[in-house]
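Shown here is one chain on its own, the form predicted alone, set out as structure tokens.
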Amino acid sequence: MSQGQFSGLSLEELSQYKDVWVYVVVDDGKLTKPSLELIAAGRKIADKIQQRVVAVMIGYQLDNAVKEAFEYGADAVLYADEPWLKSYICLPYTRILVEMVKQYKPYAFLFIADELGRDLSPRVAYRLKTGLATDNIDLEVEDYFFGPTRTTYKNTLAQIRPDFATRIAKIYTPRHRPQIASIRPGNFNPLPRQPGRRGEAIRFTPTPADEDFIIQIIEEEKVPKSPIDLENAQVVISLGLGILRDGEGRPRSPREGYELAEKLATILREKYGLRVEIGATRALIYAELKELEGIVTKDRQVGQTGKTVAPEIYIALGISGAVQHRVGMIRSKNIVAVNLDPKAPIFEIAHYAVKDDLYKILPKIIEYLSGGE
């Protein structure tokens, strides 16, 4: 089998691609928090391959955002700043990014795994005929041996994401550039701001094309922000399907489990001054239990298809701990797990494991915190 039977760039062509690009989003003239996290993710990779982090942005009146990108760790900013790019429209944004890539040839291109990133990154990857790994929780740089051609590709981006069941997968794009990946918000901490830090600002001047505007924005309206702020909570108390039964195997109302969690949250807020939110697993939310209707909603979901959290304390009540949930809370500083099943996967990562009935344990915790110092 010859190497010509496998598509991809030659080693010499691969060496022409430099720098780690991160596509950052500007909202009201400022970079979003996930964008700052993305710069940190880019920094991790760029330092390992001794290249630059390039923040890429498209929009209008971007001067403040350009300065902010430098202060949060970007070495260069590549930007298109035009009135006709004020609002996100997938076709012109895609075309412009593809033109940028073809001109400057980045080693890797990172996007946020949110609504915009999930729309834009696959369009860019498709047009560039390269790979895309979505919803990553971490990144590494490794050498990759490709067996069919007996070739070792040095400094390949390892894109780490949850796989099926209990597995974590590493995905490689060794023979194509750029290596494109989307990163789930909440998995990297923004770098410390360095006021006055500067870098190279590169203005890209695109030309509008009629075919890019077959879809037009007539009106924009901001969606009200949810009052549930899981990402910034100091304590997250999460509920799983285990709240449906007690230690004797008897059915319990899930509303009772929620109300116990809310009592605990209220004590922690009022007595200890902590920011506390109640979360839930995907399984509990999609069970659509009548008792929890309108209370345990999707904006409380923690996990692969929900929010990623990193509180000081994460309390898992009746949660088995499948990998899809664990990737959303594994960065918590202290994990307290209460579960009847001694073999529950959540205990593999818990700092404090309580193998008992939550309907017995939780009232005792509430009583202690109510009266104790």
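None of the values given here were measured: they were computed from a predicted structure. The numbering used is simple: start at 1 and walk along the sequence shown.
Below: the form predicted together with a small molecule, not depicted.
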Study note, to complete from the structure: Assert contact_stretch over 195 to 203, 175 to 183, 299 to 307, 267 to 275 against the small molecule in the predicted bound form, heavy atom within 4.5 Å, equals 299 to 307
Exercise for review: Please pick, from I330, I313, A322, A40, the one residue with any non-hydrogen atom lying within 4.5 angstroms of the small molecule in the predicted bound form.
Suggested key: A322
Study note, to complete from the structure: From R282, R255, R95, R123: within 4.5 Å of the small molecule in the predicted bound form by heavy atoms is R282
Practice item. Indicate whether S35 is a 4.5 Å heavy atom neighbour of the small molecule in the predicted bound form. Key: no
Check your understanding: Looking in the predicted bound form, any heavy atom of L358 within 4.5 Å of the small molecule?
Key -> yes
Review point. Going by a heavy atom distance of 4.5 Å, is L241 a contact of the small molecule in the predicted bound form?
Key: yes
Exercise for review: Evaluate D27 for contact with the small molecule in the predicted bound form, applying a 4.5 angstroms cut-off between non-hydrogen atoms, and reply yes or no.
Suggested key: no
